[in-house]
Ligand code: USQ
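Below you will find one chain, with nothing else, as structure tokens; this is the form predicted on its own, and questions on how it binds or moves follow later.
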Amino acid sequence: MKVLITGIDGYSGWPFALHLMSRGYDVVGLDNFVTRKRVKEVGSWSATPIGSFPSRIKAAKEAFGTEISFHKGDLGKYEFVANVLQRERPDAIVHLAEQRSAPYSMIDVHHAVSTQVENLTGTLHLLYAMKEHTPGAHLVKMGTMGEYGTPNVDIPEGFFEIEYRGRKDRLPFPRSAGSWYHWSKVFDSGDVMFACKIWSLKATDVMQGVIYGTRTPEITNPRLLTRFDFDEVWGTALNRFCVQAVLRMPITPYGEGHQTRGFIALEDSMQSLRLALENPPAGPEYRVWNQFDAAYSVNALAEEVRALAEELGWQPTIEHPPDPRVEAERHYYTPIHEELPRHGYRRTRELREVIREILRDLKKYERRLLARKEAVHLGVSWRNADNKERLLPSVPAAVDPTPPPTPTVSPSSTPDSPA
């Protein structure tokens, strides 16, 4: 099976490419490397040293014996998207190429607009190119559990049965997103659902919980590492907690710390995406799978990180700064996830096991973390219309204390800067 991965240079895209290559899939990649640039914009970098993309391709070829067919370009340019699909004719497309940060979308009006324009435009271009050149391909789109918000009822997988004034129907479950980014994902879902309806396409919208981890079984050496963001804009709360423990900083769950979300290990997220590929809809259909293993409050995550850090001889404390987001401190949260287990999913990694692995990996890169320590708290507030002054000027430039390996690559490869 030939699979096109958009956003192949990203946190999920790169390990998923390795996951598929190790199983004999023909992998095609697409990326414009904008995440690397935007992480630098806020004065940060990946905790794990990431080489240029040509060096990643070379390392993957050495590990798995096949080479990724790569296209550098922007989903915002329709001719580019159409040309890639016309040339490659993939059997499936895994769409991961979107601006993925809620805080980034909340910096100011310009970041809010760019998030929504880029995410919706890229998805629409992909849908139109599929209709034109690969109408039989299966689209696996990375959605987010954040589309649903925190309703006071159980969260179904995309659709639910409703009775109103004596009549019944099966309707999309109402969305209540919590950032301009999450609203862009809601609109994306609507666009994909509509395209499937009018053009008879088939798509699986994977509503992803928060992913955590630094490794998968295919990441067998440092040249194959995926990125790990830890700053307030691009990292998750759990990432931040782990870095704070390594740097002996206070662990900082926001507000009261009762906010609860679904989580899944990186390795198990890769399994989920592959199962979606291997079990496509039988015919034209838009379907939704919720992707997570368990729900945790940020307090529970902070306590888990503290306990595991103490095992390593550290003594972190926990502090509760004000919540910069506008969200319920205490809420009901019971999402349903039945489709993935029905299609063979089995959890392989436990939270405690993966956090312990993250802490050990981050300890190796403590000097990189120290060089960008100021980026852990950048101060993006949902209540402010303009946060740019709180972000810029960014952290002063520093010499990378752990540069990634830079093997020689062929002149035909497309270079990009390390991160």
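Residue numbers run from 1 along the displayed sequence. Because the structure is a prediction, the values reported are computed rather than measured.
Just so you know, the form predicted together with this ligand exists too; it's not on screen, but the next bit is about it.
Quick one: does G158 come within 4.5 Å of this ligand in the predicted complex, counting heavy atoms only?
No, G158 stays farther than 4.5 Å from this ligand in the predicted complex.
Can N119 be called a contact residue for this ligand in the predicted complex at 4.5 Å between heavy atoms?
N119: no, not in contact with this ligand in the predicted complex.
Distance check, Y181 to this ligand in the predicted complex, heavy atom within 4.5 Å
Contact with this ligand, yes.
Does A237 reach this ligand in the predicted complex if we count a contact as any heavy atom within 4.5 Å?
Yes, A237 lies within 4.5 Å of this ligand in the predicted complex.
Where does this ligand sit in the predicted complex: which of 309-317, 340-348, 71-79, 139-147, heavy atoms within 4.5 Å?
Every other range fails; the passing one is 139-147.
Listed residue (P253, P280, P335, P90) with a non-hydrogen atom within 4.5 angstroms of this ligand in the predicted complex
Looking at the other structure, the residue within range turns out to be P253.
Contact residue in the predicted complex, from S272, S105, T216, Q259 (heavy atom within 4.5 Å of this ligand):
Exactly one listed residue reaches within 4.5 Å, namely Q259.
Contacts with this ligand in the predicted complex, stretch 289-317 (heavy atom within 4.5 Å):
Residue within 4.5 Å: V298 only.
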